[in-house]
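Form predicted alone, single chain, as structure tokens, below.
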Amino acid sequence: MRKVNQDRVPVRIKGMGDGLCVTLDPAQPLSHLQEELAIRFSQMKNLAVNARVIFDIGEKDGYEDLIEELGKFLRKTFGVGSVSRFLRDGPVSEEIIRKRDMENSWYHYQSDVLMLTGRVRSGQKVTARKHLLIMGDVNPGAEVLAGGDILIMGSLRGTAVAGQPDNDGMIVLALDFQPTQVQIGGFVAAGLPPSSKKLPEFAHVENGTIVVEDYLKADPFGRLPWPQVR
């Protein structure tokens, strides 16, 4: 039996959380790396679709062009989702994130928004794995739940449960904010007083309490220095 030297294998793949970690040798020609990736991703079949791929090239800096080309190849050939590089020395700087986002137009992120149009009626329940956007109303007796933010482009008069199971950094926004009950993470508020006017308002957690504010006046994201993926 011939023993394979694993250190010389140009491409290796292993599971990493909810994604795939691809270890590769950046000294290999691009065409050879693409061939090796094609072999391994073909064996995975549908498991590669929308997968989060992280490249580990064993270097702190450089090889951005290589990662970009391999990312394009995997997205086009196997339909993977987001593509990024493995960071060994702590979090990447904000300037690097900003440059990457602007240059790539956020294509390296995978969308996690469930967008629906129409009215959610009494007795109906809508659940989203992450963010939920409804272009319509949520009637009394209806319930909407999400792992992230809930944005209602209409009237919210039912129950809204955001940030599930334990993310209290999310918000619930509605153009006409009159919910029966709001929950964000583990914090619950019921019987919120309705506004005298129809205003775009949002609920969020502040100092362990759910508070409601005028969205345009509070401008909660206006202080961010550049658009960020939520």
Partner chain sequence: MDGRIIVITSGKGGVGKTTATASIGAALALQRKRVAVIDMDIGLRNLDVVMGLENRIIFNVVDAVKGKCKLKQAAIKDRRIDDLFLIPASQSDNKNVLSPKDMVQFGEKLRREFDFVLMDCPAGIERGFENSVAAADEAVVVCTPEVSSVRDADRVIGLLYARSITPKLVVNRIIPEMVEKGDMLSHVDMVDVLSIELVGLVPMDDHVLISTNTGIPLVLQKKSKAGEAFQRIAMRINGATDLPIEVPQSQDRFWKKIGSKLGLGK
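Numbering follows the first chain given and starts at 1. Predicted, not measured: the structure shown is a model, and the values here were computed from it.
What follows is about the form predicted together with its partner chain, which we do not show.
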query: In the predicted bound form, the one of 124, 84, 77, 127 near its partner chain [non-hydrogen atom within 4.5 angstroms]; finding: 124
query: Partner contact for residue 72 in the predicted bound form: its partner chain, 4.5 angstroms, heavy atom; finding: no
query: Distance check, residue 136 to its partner chain in the predicted bound form, heavy atom within 4.5 Å; finding: no
query: Residue 140: touches its partner chain in the predicted bound form, heavy atom cutoff 4.5 angstroms; finding: yes
query: Heavy atom of residue 131 within 4.5 Å of its partner chain in the predicted bound form; finding: no
